[in-house]
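Read the single chain below, which is given as structure tokens and is the form predicted on its own.
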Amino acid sequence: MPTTSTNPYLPFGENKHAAWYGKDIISVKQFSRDDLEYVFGVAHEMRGMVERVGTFDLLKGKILANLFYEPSTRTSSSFTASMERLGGSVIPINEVKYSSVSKGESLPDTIRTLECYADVIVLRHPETGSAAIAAKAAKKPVINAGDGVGEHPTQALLDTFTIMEELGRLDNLTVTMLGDLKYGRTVHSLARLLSKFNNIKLNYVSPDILKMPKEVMDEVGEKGVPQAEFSTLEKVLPETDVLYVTRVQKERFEDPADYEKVKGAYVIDPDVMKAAKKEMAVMHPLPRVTEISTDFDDDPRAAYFRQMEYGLYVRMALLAMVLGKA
């Protein structure tokens, strides 16, 4: 990999990556602003390498175990593609119900078994805190790919990288988060990450039963970030630089009647977006259902599919970092 770079983040040759060798990635709380700039610098290099040569042998001989206790298309495929773009191999475990777990094996035992075969483990699990339990059991690096309604740190990193790539800055932004803010782990992690930057304002737009959790707001508020809650989008859309839309997740509701009350609360379409800035970004972690109209997909502000591509480069960077090859 080249030792010089024209990327806007950091000179590629700086040796900050050594601090991440062998480390777990469990929470966005692990990342300082300097860390984020380094990750994004490596991701920018990865983007250039993929565009130039497609795949390369940086992680040749390394093996990733993709352990998913919940259904996943985007995150699982993204990590698989990331490892294979870097020349490594993947053990895909997406149907955990058919594995030893169905026989009653504990998560720590599953992790200890997989690290006998793999150099790094990516874990998605329905229980909050499961990634930390796995990391405690493992001697190899564990990357949290979502633990219940807790955190989804790699999604937040790729979301932040998307904002940088789309708007060219991470300071002086008004970010509006829309939809399911209670169960949406992506917005919990993203709010925490954005609080590390300067002059950030966060707006939360949601139904009353899906508000941003108080503990997240308290944590962000301690950083001095202005936050405001709304039930409708109209008032805040004209000032918004980034509109982050989330799906109302049916699977997170214990009472189906509660889901029916809110499932169509907000829909982004060309008419709604007439009130928005000409230069801004609309993001979504996907999958979407009805919350963003397909009629909006061709708008230059629609960044959600580019967001998925940026995720490839960020996850390539993280794998290279924890395996000491950044």
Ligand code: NCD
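Predicted model only: the values in this text are computed from it and were never measured. From 1 onward, residues are counted along the sequence shown.
The form predicted in complex with the ligand exists for this protein as well; it is not shown, and the discussion that follows is about that form.
K.L.:
From the candidate stretches 296-304, 25-33, 279-287, 53-61, select the single one in contact with the ligand in the predicted bound form, where contact means a heavy atom within 4.5 Å.
P.N.:
Flagged stretch: 279-287.
K.L.:
Please check if residue 249 has a heavy atom lying within 4.5 Å of any heavy atom of the ligand in the predicted bound form.
P.N.:
Residue 249: yes, in contact with the ligand in the predicted bound form.
K.L.:
Would you please decide whether residue 74 lies within 4.5 angstroms of the ligand in the predicted bound form, comparing each non-hydrogen atom pair?
P.N.:
Judged by the heavy-atom cut-off of 4.5 Å, residue 74 is in contact with the ligand in the predicted bound form.
K.L.:
Considering only heavy atoms, tell me if residue 182 and the ligand come within 4.5 Å of each other in the predicted bound form.
P.N.:
Residue 182: no, not in contact with the ligand in the predicted bound form.
K.L.:
Taking any heavy atom pair closer than or equal to 4.5 Å as contact, tell me whether residue 155 reaches the ligand in the predicted bound form.
P.N.:
Output for residue 155 is yes: heavy atoms within 4.5 Å of the ligand.
K.L.:
Quick check on this chain: which one of 186, 206, 110, 160 has a heavy atom within 4.5 Å of the ligand in the predicted bound form?
P.N.:
Residue within 4.5 Å of the partner: 186.
K.L.:
Quick one: of 140, 85, 124, 192, which gets a non-hydrogen atom within 4.5 angstroms of the ligand in the predicted bound form?
P.N.:
Checked against the cut-off, the match is 124.
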